Every structure is written in C-alpha cells, then in structure tokens.
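Presented as structure tokens, the chain that follows is alone, the form predicted on its own.
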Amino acid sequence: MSSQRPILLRGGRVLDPSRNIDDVGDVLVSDGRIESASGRIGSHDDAEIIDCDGCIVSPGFIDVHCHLREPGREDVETIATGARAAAAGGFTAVCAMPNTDPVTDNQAAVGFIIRQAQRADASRVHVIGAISVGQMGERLAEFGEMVAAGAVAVSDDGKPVVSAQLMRTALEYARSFSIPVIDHCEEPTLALGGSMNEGIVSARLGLKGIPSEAEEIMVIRDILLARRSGGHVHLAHMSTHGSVELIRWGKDRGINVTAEVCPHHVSLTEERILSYDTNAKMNPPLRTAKDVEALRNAVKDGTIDMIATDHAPHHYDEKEREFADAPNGIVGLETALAVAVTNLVKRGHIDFRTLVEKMSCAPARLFGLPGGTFAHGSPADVTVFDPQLSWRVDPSEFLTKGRNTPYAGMTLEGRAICTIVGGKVVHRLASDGANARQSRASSG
C-alpha cells in the first residue's frame, strides 16, 4: 500500500501516547512508513502536503470488534464496503468477527477474508477466527492453522461460550499462540427471550428484559478461568457497572484480562427504547444511567482498555419488525469517533490523549497488531481528525451498506478528515456536496 509520493502532514496537533508526543508539528510518511513525527519538518519538494491546521494527527484507529458479514450476507455488508466505511470513520484497521456464513473457523476461511481485504484496498482487515467449530460450542477450531493463515484472535462472538471447560481449554490453547480469546459474555438461560435491559423500563414497555447478571456471571467466570490458565481473556462490549467492578478486581490481582466498551454503551441509556426504535436494539442491551456513568469512569481510570464499535449492519427490512423480533446490532464505524468525542471528551470524562490511547495505541499493543504508534519505521497508518467539526448524522451518506443507527439526525462533534493506510490516503473528507451541513463549532 505504499504511496508513490511521500506525504507531509503539516501543522496539526501530533498526538501519540505511545511515545508521549503531544505537540503542534508535522508528520512525514515515506515508502509506507513513518519517517518522522517530531516538531517542524523542513520542506520536501516531492511530498504531497496536507494541511492539518486545527486537526489532531494520531496513529490510526484500530477497531478490534466489527462484523463485515462476508461471506454469507453480502446484501448487508461486504468486506470492501466495511473497509471503506472504516476508513471514512478514521479506522486504519478493523478486526472482523467470525460469525459469517459459513463461520470463519478454518484456514481457508481466514485466507478468503484476507484476500478480499487486499482487493478492497482501504482499511486493513484483520481476521478473528472462531473458538469452536461452527461456533457450536462443542469442540475447538484449529487455532494453529488459523493463526498461520493470519488470524489475530479467536472468538465465538454473537454466541457465548457456554461450556466452562471449553473456555478453559481455549484459553490454554490460545496462550501457546500468544493470542487473546474474546468472549461474548452472556449466560444464555438468564438472557433467553430478552430484548432489552431488565428493569423498570422493560416492565413499562412489556418487553422481556436481560438482567445485568447475565453478563456479570460470565465475566467473573472468564476472569477466574484466565487466572487458572494464564491465558489472555478479552471481554467484549461491556455494559454494566457490575462488570466494571469485576474487571477491576481481576486486574488488581494481575490476571490477564482486558476489556472493551462500545460508543453506544457510554452515550445512550435504556430510555432510548421508549419509542420502540429497533435501531436502539443491541446485545448487550442499553443499560441504566448508573451503568453508563460507571463505564465512562472505567474508560478514564483504565479498567476499560479500549473502545470498539461492534459494527453490525442489518438490512432495512429486518429492523422493521416488532421490537422483540428485530435483530440486535447497529452500525458504528462511521460514528464511533464522533460519539466518543461528543460524549466522553466534550463532557470532560476523558481527554484526547486518552481517546487516542483507547482507539489506537491500546488495541495495537494488547492484540499485537501493527500500528498504534508514530515510532520511526512503523507502518504509516495515520488518522487526521477535526475535533471541532460539527456534523449531522445522515445514514443515507454512510459508506457501509447498513443504515441501522440510533444517532440518525443527531448533531455530533469530531470527524475524520483524512485516513492513511500504509502511506496511502484511503479516505479524505470532501469539502462540499454531502458535507454541506457540516460546520466548525464556534468554540472549543
């Protein structure tokens, strides 16, 4: 993905927590690598110069949790459309979950996704293989063959690993390949038939709820199994204050546990479902204000390691069903940055340094992925975003095929201006047309 010309990113706020850089300056990329990211860089006659005044220039964002639907549901997303949507959202790399049709549980399936991603020529797509064959929860998939083909982690996401013995074996097996095991924490008998958080709101709406304990039981089980096995367990899409307390307990004891939170779980509550809007239906469900506050604090204090999208496109007709029957999930690649900026940074919960750490440095470091740093010679994966840009979310302008978002019509702040992968510009925000409604906020 090398650019034919060097690129000089001029005059932005260069922010790289991995190297403790936070200063106005330039970034030079050449031959697909970071050449320099320190202070003012002299003119380069042969370089393409991109004016970054007023923008933050950071190592590229990495999403460790998204669903690209190919193979099997190319009508709702393909690897190419997902990779382009990721680039538009400022993500230079994403990790695709294995709940495709067929399931990504073997070497050939991993290789197929990697080849499709290379053809897409947009954001990088890393592959997450299944924990169990067919995600049936009965016997382990061939971790070694999938890793050899390029898989970076394993997960049965979309389904919990019900068997504690299988989960223990997965952690032990994955440890030998130095990859994390990602779990969808949900005790199925408690969650059965639920379509939203269990509480006063679900009772008022007459919908069966999913109690917090359905998540927390599996969180503590996984933490204890990680302690026993020494494996790395990564807990996906955390949603409750109880989970935060359990993760904090595990980390205090040195257990190898990491966790992610999604933008929707730190910005919306169960009240969003009062209108029965299926675009607010997801799993785990939106929780209470107390949970949202706990998750925000956990991002700030490091209990939550990273922000991931759980991008899950669905066809329009599928979301038009009655609430209880509609599928779970929302799209998130193109709104994640703005939702995080608007709800976490602008409200004073975290600063931009922490945002970049959670969306770039930590995913790279904890999953062993390239990127996440401006160190000399590292891959030239860069996100340039305007933290003051105010824009109205219009799903018809998304590059993903999905339109299922609860943020439609909202005005958010912060947007990717330019995304560079391997030294090549794969996204640049247009200054007219579809972006006519965008404007800079009048104040910081």
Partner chain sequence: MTSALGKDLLGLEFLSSEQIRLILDTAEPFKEISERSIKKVPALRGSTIVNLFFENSTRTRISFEFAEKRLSADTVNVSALGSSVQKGETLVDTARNLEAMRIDMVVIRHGASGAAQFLADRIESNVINAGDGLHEHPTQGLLDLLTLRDRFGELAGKKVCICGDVLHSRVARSNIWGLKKMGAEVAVCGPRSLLPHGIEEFGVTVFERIEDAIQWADALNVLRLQLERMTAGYIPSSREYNRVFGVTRERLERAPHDILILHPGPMNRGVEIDSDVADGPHSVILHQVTNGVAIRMAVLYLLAGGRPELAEAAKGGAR
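Numbering follows the first chain given and starts at 1. From a predicted model like this one, the values you see are computed outputs, not experimental measurements.
Keep in mind that the form predicted in complex with its partner chain is not shown, yet the notes after this line are about it.
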{"property": "Contact check for Glu138, Leu140 and Gly230 against its partner chain in the predicted bound form, heavy atom at 4.5 Å", "result": "no"}
{"property": "Partner proximity in the predicted bound form: Arg253 to its partner chain, non-hydrogen atom cutoff 4.5 Å", "result": "no"}
{"property": "Partner contact for Arg321 in the predicted bound form: its partner chain, 4.5 angstroms, heavy atom", "result": "yes"}
{"property": "In the predicted bound form, Met306 touching its partner chain (heavy atom, 4.5 Å)", "result": "no"}
{"property": "4.5 angstroms heavy atom contact with its partner chain in the predicted bound form for Arg347", "result": "no"}
{"property": "Contact residue in the predicted bound form, chosen from Ala203, Ala289, Ala108, Val133 - any heavy atom within 4.5 Å of its partner chain", "result": "Ala203"}
{"property": "Of Gly368, Gly199, Gly144, Gly302, the one that lies within 4.5 Å of its partner chain in the predicted bound form (heavy atoms)", "result": "Gly199"}
{"property": "Listed range touching its partner chain, judged in the predicted bound form by heavy atoms within 4.5 Å, from 80-88, 274-282, 354-362, 171-179", "result": "274-282"}
